[in-house]
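First comes one chain, alone, set out as structure tokens in the form predicted on its own.
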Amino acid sequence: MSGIVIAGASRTFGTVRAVDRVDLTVEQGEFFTLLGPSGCGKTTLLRMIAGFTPLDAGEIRFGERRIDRLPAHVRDIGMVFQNYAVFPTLSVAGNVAYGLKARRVPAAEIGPRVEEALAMVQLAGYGGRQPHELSGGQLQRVAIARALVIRPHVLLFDEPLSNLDARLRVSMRSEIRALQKSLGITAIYVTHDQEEAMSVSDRIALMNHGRLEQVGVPEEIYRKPATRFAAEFMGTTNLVEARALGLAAPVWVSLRPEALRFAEEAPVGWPRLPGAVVALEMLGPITRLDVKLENGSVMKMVLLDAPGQIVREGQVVTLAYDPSRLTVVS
């Protein structure tokens, strides 16, 4: 099967254009993430692919097959929801088997396929348990097994980790990524979490007000943001007029905090910026600084923990920055 092609997809709710003429191609076997703030249209676009929300305009194809006019249950899609959507009155095995029974899979095949799916998500032997006996992470694994057991060509994830605690989110996202790659299945993943998106994705589509702000591999969007929105949404950045850095160009630039160093530690040739530390936040492995420059601009800086290095609020410092890390943004 070829990839997913979305052409001119639009959807309006009342006066709100939730998805605005989106053109997008997802390659076969790719882990593709729709990223953006609440209300940007990412979940609406995912639901349009799934068949839960109709298009006002445009089309969606899986390879040569147009699917946007097909009912959801014949699109060959597995979907994992934010709230697990596990049936509380069914056992784990019953939940996983639900989609197979709905598709009238022969009874003799259901048991082995359920066990196979549970083994994929590290829940072998859990089939007889009830949902209330499971942790949040285990419930999410049940939801993933239920999506996989139908052997879909496309797997959709709608904020699947947002109900888990921070440590479990980190381990679960690694599991999801590893499972998707081992199966070679095409996955589209929705999240508002930039770190989560960068850790699991082959490519990311950053959305804003129903439109695609930027599409690219995680490194490209982080290091070379195309717009001010992309620069600020993809982690912390210094978004300043070039003149604040001593440059003559009448443009705005993005400079990540990690591209700054103290002048005495920087290579020869990096531009210097005198200033003073006005805020300091020690976070264990890193320390975040706000440095007010002589021209009044405040630059954010990140230092790796170094026991011999002592920085105090109010200290006069000179920063230097890597000019290759400057990105002009629109």
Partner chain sequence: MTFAIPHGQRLPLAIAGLAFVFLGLFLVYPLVNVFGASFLDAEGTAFTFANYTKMLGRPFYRAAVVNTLEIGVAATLITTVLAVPFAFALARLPIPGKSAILAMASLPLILPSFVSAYALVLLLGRSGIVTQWLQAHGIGFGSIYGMGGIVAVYTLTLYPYVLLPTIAAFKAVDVSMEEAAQSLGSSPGRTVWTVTLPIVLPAILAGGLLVFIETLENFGVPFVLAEDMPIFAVEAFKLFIGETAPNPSSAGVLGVLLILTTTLVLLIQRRFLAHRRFATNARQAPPLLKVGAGVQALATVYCWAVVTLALVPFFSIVVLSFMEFRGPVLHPHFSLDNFAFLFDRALRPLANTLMFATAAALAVTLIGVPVGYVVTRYRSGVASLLDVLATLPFAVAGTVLAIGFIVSFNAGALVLTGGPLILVLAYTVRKVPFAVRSASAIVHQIDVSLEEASVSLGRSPLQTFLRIVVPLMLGGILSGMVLSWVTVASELSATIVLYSGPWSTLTVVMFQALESGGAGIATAAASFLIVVSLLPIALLYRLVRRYELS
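Here, rigid core means the biggest group of C-alpha atoms that superpose within 1.5 Å across both forms. Positions refer to the first chain, counted from 1. None of the values given here were measured: they were computed from a predicted structure.
Only in words, not in the display: the form predicted in complex with its partner chain, which the text now covers.
Asker: Should A102 be counted as a contact of its partner chain in the predicted bound form, where contact means heavy atoms within 4.5 Å?
Answerer: A102 belongs to the contact set for its partner chain.
Asker: Mark H73 yes when one of its heavy atoms lies within 4.5 Å of a heavy atom of its partner chain in the predicted bound form, and no otherwise.
Answerer: So H73 counts as contacting its partner chain.
Asker: Classify P88 as contacting or not contacting its partner chain in the predicted bound form by the rule of any non-hydrogen atom within 4.5 angstroms, answering yes or no.
Answerer: Yes, P88 is a contact residue.
Asker: Using a 4.5 Å heavy atom cut-off, state whether K300 contacts its partner chain in the predicted bound form.
Answerer: Output for K300 is no: heavy atoms all beyond 4.5 Å of its partner chain.
Asker: Identify, from the list V253, L245, L123, I150, the residue with a heavy atom within 4.5 Å of its partner chain in the predicted bound form.
Answerer: Here the answer is residue option I150.
Asker: Which of these residues, S199, N83, T227, T236, gets a heavy atom within 4.5 Å of its partner chain in the predicted bound form?
Answerer: So the residue touching its partner chain in the predicted bound form, by this definition, is N83.
Asker: Is every one of F52, M79 and R146 within 4.5 Å of its partner chain in the predicted bound form, counting heavy atoms?
Answerer: Checking in the predicted bound form: F52, M79 and R146 are all within 4.5 Å of its partner chain.
Asker: If contact means any heavy atom within 4.5 Å, which of 94-102, 112-120, 218-226, 181-189 contacts its partner chain in the predicted bound form?
Answerer: Going by heavy atoms within 4.5 Å, the stretch is 94-102.
Asker: V251: with the rigid core matched between the shown form and the other one, does its Cα shift 2 Å or more?
Answerer: Where the cores coincide, V251 shows only a C-alpha shift between the shown form and the other one that is less than 2 Å.
Asker: For V217, state whether the C-alpha moves by 2 Å or more between the shown form and the other one after rigid core superposition.
Answerer: The answer is no, as the C-alpha of V217 shifts between the shown form and the other one by less than 2 Å after core alignment.
Asker: Once the core is aligned, does A102 move its Cα by at least 2 Å between the shown form and the other one?
Answerer: True for A102: a C-alpha shift of 2 Å or more.
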